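Each of two forms of one protein chain follows alone as structure tokens, named structure 1 and structure 2.
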Structure 1
Amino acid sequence: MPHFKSQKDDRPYSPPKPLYEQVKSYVLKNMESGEWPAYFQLPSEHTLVREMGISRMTIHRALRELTQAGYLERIQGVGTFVAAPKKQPKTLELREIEDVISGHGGRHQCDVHFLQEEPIEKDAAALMAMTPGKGVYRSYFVHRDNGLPVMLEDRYVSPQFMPEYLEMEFTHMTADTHLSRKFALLSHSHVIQAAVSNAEINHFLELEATTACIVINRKSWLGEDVVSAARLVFPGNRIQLT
């Protein structure tokens, strides 16, 4: 009997992708190659079922998630199309806090003070375009630069768009990074204010006295839907935003 010498494969093991992720990869590959350009009408779900040998339920899930992420546009009774690129003027490019910190050689750390579902109050409901009392996800983080608190983040997130939000890990990746990785066509609006710290800010940012702060109110949109609304507070004597 012939003897075959086995060769060690040092590559890390990668488990096979779920079928719906394989469908998403197939669609995205066709878009990236230019085979399916903007406004291109995708084959019907029945056609994809026949060509890929995958159930219609799986195909439907993949197309639905790509639509939610902004890659596709589905028109009832007509079909599914590659979404057109949205060109929007950039009035402000806000760097992620970990990029600001690492940019000057610092070490970013995030303290999670709470991460929970709660009934949304009236003022926050207006920001999120939700009904007061409806369940919303809320997170309250303090970001540190080499141990020094430099940003307070109070954020609301829509459970409809981010049902996995409460299970995410935030010590090494910010909420905005999670959002941008999930939604390719996410857009933002900002309102920037000058303010002085109050007792809440002094406590969480460990300020010894009233301090001038920069407050950025950031809303993240997917189409016409609000995905997230956050209040970001920076003590002016501890960090410089460029």
Structure 2
Amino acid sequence: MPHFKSQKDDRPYSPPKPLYEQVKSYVLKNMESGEWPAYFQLPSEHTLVREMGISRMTIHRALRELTQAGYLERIQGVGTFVAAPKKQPKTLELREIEDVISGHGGRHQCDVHFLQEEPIEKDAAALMAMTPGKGVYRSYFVHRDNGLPVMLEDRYVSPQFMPEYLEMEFTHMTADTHLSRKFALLSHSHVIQAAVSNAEINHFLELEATTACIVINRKSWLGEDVVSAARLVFPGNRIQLT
């Protein structure tokens, strides 16, 4: 039987992990090793108190936090169980272009090619859930990493939600950041495709030849309403998403 409290005594210079963290590690270790498989009923709090010599509140905190994190399931009056193998969603975090660039020490710069109000075309109207022909704000940016173009941003913005869009400053803050600042509860949906560059993309991204590009279509929602829709084009040979 291991000594759970030993760290307090014998290693005064290694920062001792809190007891509740030790309990969490102990449980996770048993889960990793396969000792406690899915649906396994853990020893009761009272049993752990006895076996580990730790007070119930501390045991309870450890188990509660593991439950909040999704590792365990607890049923009052019944017991504590290893959670069913969660079909865990594999998520990819899309970082802001500025963060990607500054993350490897690059200098971010944004060219505004145009920024205007225009009547919205049919395709974009469907995207924005607007009626075709109504006025929409449209912007065309090229983002550069130490001068090299790494992203083309073709964006529609709803005048209703962001009437000040045409007057904003984009050289030091991206449109995405502006939107997130204004609307704390903004949510996003994405569609990712691959495509080869056409003449327009080659021109704006200063590509010499046809190149494979990642295209991210991002919609930004405020509840049921679309605030903005953007097409982000990354030349595949100059950048990778991680």
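The term rigid core refers to the maximal set of C-alpha atoms that superpose within 1.5 Å between the two forms. The model shown is predicted, which means the values in this text are computed figures rather than measured ones. Counting starts at 1 with the first residue of structure 1 and goes up one by one along its sequence.
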Please state whether structure 1 or structure 2 is the form predicted on its own.
1
Core-aligned C-alpha movement of L28 between the two structures, 2 Å or more:
yes
After the core is matched up, is the C-alpha of E73 off by 2 Å or more between the two structures?
yes
Classify A195 as shifted (yes) or not shifted (no) between the two structures, where shifted means its C-alpha moves by 2 Å or more with the rigid core superposed.
no
With the two forms matched on the core, what distance in Å separates the two CA positions of Y39 between the two structures?
35.6
